[in-house]
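Following this are structure 1 and structure 2, which are two forms of one protein chain, each written alone as structure tokens.
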Structure 1
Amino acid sequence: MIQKNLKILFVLLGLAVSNLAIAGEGMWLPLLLQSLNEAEMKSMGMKMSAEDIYSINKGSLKDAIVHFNGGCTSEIISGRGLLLTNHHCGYSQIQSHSSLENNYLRDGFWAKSLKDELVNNNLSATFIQRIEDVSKDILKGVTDAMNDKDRQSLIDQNMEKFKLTVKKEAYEDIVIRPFYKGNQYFMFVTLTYRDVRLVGAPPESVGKFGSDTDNWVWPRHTGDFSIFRIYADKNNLPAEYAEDNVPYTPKHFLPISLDGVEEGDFTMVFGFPGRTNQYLPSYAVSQIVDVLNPAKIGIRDRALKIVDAEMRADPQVKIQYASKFASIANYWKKWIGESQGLKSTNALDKKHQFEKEFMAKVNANAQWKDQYAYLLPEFKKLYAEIEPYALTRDYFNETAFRNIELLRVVNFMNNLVTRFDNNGETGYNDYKARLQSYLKGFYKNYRANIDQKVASDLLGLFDEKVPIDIIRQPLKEAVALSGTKSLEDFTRDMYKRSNFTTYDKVLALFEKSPKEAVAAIKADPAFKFGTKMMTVYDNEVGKKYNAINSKISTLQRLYMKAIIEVFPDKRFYPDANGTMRVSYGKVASYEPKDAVKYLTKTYLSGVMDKYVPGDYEFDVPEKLRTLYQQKDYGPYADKNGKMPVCFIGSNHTTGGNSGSPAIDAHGNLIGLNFDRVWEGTMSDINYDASICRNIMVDVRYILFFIDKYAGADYLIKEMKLVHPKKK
């Protein structure tokens, strides 16, 4: 049955262009562009071939696309391994090199030569060598009659056996991922470089211009870029950092267009989008909008207000907390826009209509009725069952693991204790070495007094809002046993007595013998409280949530198979899962609400309109103001003499596409993807061509800044600048 369904899937994937998904929608596998997308892409203005985009026989665009540290995308822009990505993708590296004396976050950084480029620990750059459909091998022997456990066990066995048969070089790795909710599998052969050095970054007043106020918002004026360089050994192969490593020579790098963009121009975004869920049933979408997002937004809103006040009051705190504040605020604002977008585009009504059509077709076919009629009623039942557990899970994760940092340390310490209990001193010492390295960096950017304020506020919210009563008991018991009179007094006392609030205290623990250290850790008040919370959560919430969610995942896999089979006139692209994808669209304006229309481009004049002297979000460096006043833009100005900053397109993007190149019809770099418009952040769940837009830095603004502001014209000379529109 599985093989039969796969054959059906392959047939459906080869449908004619007239039956394609909405232009601009979808995140497509580059391997399949020739059969699925090339005709449509050319009809939209693309001048390349699918072979120019993805090839294993010659250098192609995919050889310039790099997975940056496993979370962002980057691209090669010179023959000497120059790597372009977002400022926010390189933020933690820039921060790690910053101090009050050399504040690269505030002032920016530009290496004057190769020897001045800064070495980064644990930073990786991964290329995709080739992609193959391996469904036949991975799903060998899998049948519909199998339960989930047996099914996954066989898939795992098949995967391990198959990996042993793959022809690859010793320096290459293999990644196999499920697609279409586990109905299909693809293999990615990868090549990872680990000597990646910081070359340049603008000051955060440029790279983060607008900061949290403008995050997810259009019009945008952010120069969100940073530059790194990949280094290799003398054979151009991956190597750990060494002084005699040399700049990497790529198979392909992206030429850079100086011609700019206009409304209607073809755009392609190439990268590693993280996660989307386009095929959720209506019950899931309703739960996200009405229950889960409001809870997570409320938690982060309170944490952010506390941290923001502390950052504004102390410049040192601002440096320490800048990166994690941005990280917390990012999805807080995204969830707000997502919920609003799902409502404004009537996503639930669309889901209901689709499900109505699905059931009508299923009930009209005897075989489908037997196989698929139960799916939607079962979804309704399961989502009702999981709701209190899902809500409690979000409160617990956002409180214990995301926003109260002391409890995150407790989790690490619990892992250390577990290693000792299970593997003795050997297990303890092995984990301690890794943990100590992590905690050194953690405490560099940690203030216990700030964390205490967050803990007091969020634990109060947790006690008030979680729907499952038993999860509150550890908190109530801890407060009672401490002898304090209030939750605020309890948290103050816990932080005062805990050995996990400074690196020096932790080091003192680690200097003890493993047995003594473990005893001290177990006696710590934060450890007692945190591990009790975790135990109750695991037993009373986590296990029950996972059991129901496992049933939902199985149902989602079957539903995915069903809708592909039931709607042979539709094309279904796979959800994003962190693997290489192509999305394509056009430079396009949009109208988010009545009487409002957003144009496609912003200019440096808009930066000056927003300028607020000394403001941490909207300050502008003096040199940039001078360049603007003198109109000293070099060859990078638009044809109207203005300096472009950002533009928008209809490309379908998500988290992980940060740093992805925006590529023109000829294969040249025209911009750097870094965000989506707020009205369209719901595109992870419901892409709507009317308001879903991605935001890109115009590459000419990047070149202007490197050349005129940073004075790093030697980098410009490495690049290949072209004028494709003048051909």
Structure 2
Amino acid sequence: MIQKNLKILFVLLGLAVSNLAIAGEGMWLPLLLQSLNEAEMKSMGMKMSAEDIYSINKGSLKDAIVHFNGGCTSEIISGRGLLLTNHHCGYSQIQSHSSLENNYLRDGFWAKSLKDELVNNNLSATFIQRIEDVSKDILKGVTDAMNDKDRQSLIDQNMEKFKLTVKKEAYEDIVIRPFYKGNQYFMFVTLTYRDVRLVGAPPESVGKFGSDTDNWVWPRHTGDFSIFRIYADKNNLPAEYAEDNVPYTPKHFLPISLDGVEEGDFTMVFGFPGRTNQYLPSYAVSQIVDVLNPAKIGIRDRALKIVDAEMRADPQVKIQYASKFASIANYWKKWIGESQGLKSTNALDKKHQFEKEFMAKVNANAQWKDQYAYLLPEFKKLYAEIEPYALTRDYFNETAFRNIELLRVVNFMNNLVTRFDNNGETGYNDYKARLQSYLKGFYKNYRANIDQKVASDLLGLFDEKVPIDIIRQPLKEAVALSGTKSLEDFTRDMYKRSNFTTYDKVLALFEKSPKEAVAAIKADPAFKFGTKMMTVYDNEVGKKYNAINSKISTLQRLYMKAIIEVFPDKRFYPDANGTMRVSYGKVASYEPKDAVKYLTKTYLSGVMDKYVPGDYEFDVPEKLRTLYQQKDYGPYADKNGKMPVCFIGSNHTTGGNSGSPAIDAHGNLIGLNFDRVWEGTMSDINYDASICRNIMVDVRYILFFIDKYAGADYLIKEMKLVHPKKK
């Protein structure tokens, strides 16, 4: 049915095209581009056809787009399987090869030849072979009258049956995912390579330049890239690592444009966006803005403040906590921008307006009225009902697991105990081996005294703010039982007595027999408190949250179906769900606030403006300073003679789009997506073309760096450099 509506829209496309306010919004399915987007894309300057982007009959752009370890995106840029992604996407691989002698994070790394490329454990690169709409098969027999459980179990059965009928090679996999909130299903036949080696990375002072201060910020000056290579067996098929594996020969790789970008140029971002929520009712959006985001921001404010002070006081702590701090700060900063953007663009008013139109249409049609008029009032009721549970859930997750690390260890220990209780010593030993190797890394970057401060502060906040009273009980009881007078004393006492505060203590625990170890774990004060809290949470909050949330999901599915039906002339794209999508827009400036306009491109001179010698965020390597002074930019400079670094566009992106290629009108690589502008991070909930921009590294900065800085011109020779604008 969506298909049919889309067809109608295609007819109306002349109208959509002229309405350029919406250009940029949407994460589209590659196989539907021809019917939905091609005309608009061409009107915006695209010179390719939809078939050049996604084809199952010939090599097309999609064959160069690779899901990087299931999280980020990457792309093939040479005929020998060279893979480009972000520095922050390859970070843990780069880190894993780093040591004090070979500090690749600090100094960068460049393989001098194929045999120097570094082998990675557990790194995957997944191609999409083809995509099919399988809604008919998966939803066979499903009716609106079914309850959720029956519906889901029929869908699961249909999927299993259907998978058996799909023609595929033994080395291919099948992934089937719900779209439009479960109103449609698409199948992805995938091909995953597992021998993916590290080829090169710039030093952090380039790849992470500006770090947390500049994260989510424009103007930006980060060379956020790293390079890998996919290896295959003799038949070009996936194989586990073997010395005689050979570079993968792709069906397609992206040529690279040396011609740069100008405001207004067509751009397209092709990748694997993770999650968006564009079709929430106004009640959900106001809950995010007024209740949930402020709570999460508030918790992280406090945790970050404590950790920041410790990092400033001790350089060793700074190294140990840098990565943890960055990941806590990343979404903290994103939520602040998101809330502000939702307010500044009046997202709620727009939602209200949309809902008003929806209700007017629904009420004017007897059948729709019957089917759909209850949806919004029901949302209102359910969101009011879920609010205290959702808020408690956020407080609990952010406090217990995200920011108090001791409680995270408790959770693992609890799993270990459960394995023992359910599967005896085998279950225990199995899990212990994995846990021990994880904890070894964990404790390297753990300071119990810092965690204790965070715990004392956050438990206080939790106690003060959490809206469901009974969830406070475990803390009250534990404090009383310990005989301490304040939260500070209580946490000090708990950290002193717990055996989970150092790796040595945990090892000593693990040396005991499984039975003795389990007894000791169960007697641990942190374990007693933590598991009590989890049990009360599960029973009093988790279960209720899940029950209401499942009703909301059902409603959301019906609402999605309804709006598609009620607004046949509007184009709806499915929310991101980690599957392959195309976004397109233009290189575009924006005005974040009154009297301020942000231009589209940054230059190396801007890097130098931000340079703070020796700073952990804004240092600039000497060689880069020299190249800048000598203006030794080779063929990579912009028309004005300056070295370009980053640029922005109106492409709709989200987490998971990191490492996605920015592609020009002809299908050439022009940039590497890695972030969004702060004012526009609300694009996950309500994209607004006036301030939503994605940030890309200019590919010429990457080439300049590889060639002039790293001296790895043999890599450049593998690539295909083109001049599309000089044709």
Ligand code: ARG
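In this text, all values refer to a predicted model and were calculated from it rather than measured experimentally. C-alpha atoms forming the largest set that superposes within 1.5 Å between two forms make up the rigid core. Structure 1's sequence is the ruler for residue numbers, which start at 1.
- The form predicted together with the named molecule corresponds to structure 2; structure 1 is the other form.
- In the core-superposed comparison between structures 1 and 2, S78 has its Cα shifted by less than 2 Å.
- Core-superposed comparison between structures 1 and 2: the C-alpha position of I230 differs by less than 2 Å.
- Superposition of the core reveals a Cα shift of 2 Å or more for K476 between structures 1 and 2.
- Superposed on the core, the two forms differ at K528, whose C-alpha moves 2.6 Å between structures 1 and 2.
- Aligning the rigid core between structures 1 and 2 leaves the CA of K505 offset by 4.4 Å.
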